[in-house]
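Take a look at this single chain, the form predicted on its own, given in structure tokens.
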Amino acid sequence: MAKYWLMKSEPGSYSIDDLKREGQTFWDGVRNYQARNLMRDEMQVGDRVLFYHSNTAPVGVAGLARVVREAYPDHTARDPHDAHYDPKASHENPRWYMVDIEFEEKFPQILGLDQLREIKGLQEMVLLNRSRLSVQPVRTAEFKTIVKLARSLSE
């Protein structure tokens, strides 16, 4: 059974438009153990993703993606020239993992965090309670509610 996730990205680094243009990408640079464990241990091919723009105005859900490759070692952790370099990572002990995702849909406009806080049924959502986590699970009902509302927005 497919699971649902929310993955955050700063649009200045990588946006829903970048994913739309490229079609597919690897989700590198996750350096939080809880987020890593979710990607490594629970994400599966076919899982759906709410693509979330963070550290911008407005922050919020920008579109949808789908997991197309399960977790594998994040090679950027071993590259001393990469911003995500971790000197403790090695081939034997990769420490960090990534998944591949593909573009599915860009919403007509961002469904902002303030709007999400007002939606009945989302009060227990991880995003609204532990929002710093860059990769987080989303319940089926939460996912469906957000997608329905986001698709109904017009620019």
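Residue numbers here begin at 1 and follow the sequence given. In this text the structure is predicted, and so the values were computed from the model without any measurement.
A second form of this protein, the form predicted together with the DNA, is not displayed here; the remarks below concern that form.
- Judged by heavy atoms within 4.5 Å of the DNA in the predicted bound form, the contact stretch among the candidates 118-126, 61-69, 103-111, 48-56 is 48-56.
- Comment: the DNA is not present in this chain, but in the predicted bound form one of 145, 25, 134, 15 has a heavy atom within 4.5 Å of it, namely 134.
- Shown alone here, residue 91 lies farther than 4.5 Å from the DNA in the predicted bound form, counting heavy atoms only.
- In the predicted bound form, the DNA lies farther than 4.5 Å from every heavy atom of residue 3.
- Put simply, residue 44 is far from the DNA in the predicted bound form: not one heavy atom of it is within 4.5 Å.
- Taking non-hydrogen atoms only, residue 37 never approaches the DNA to within 4.5 angstroms in the predicted bound form.
- Residues 32, 33 of 25-51 are found to place at least one heavy atom within 4.5 Å of the DNA in the predicted bound form.
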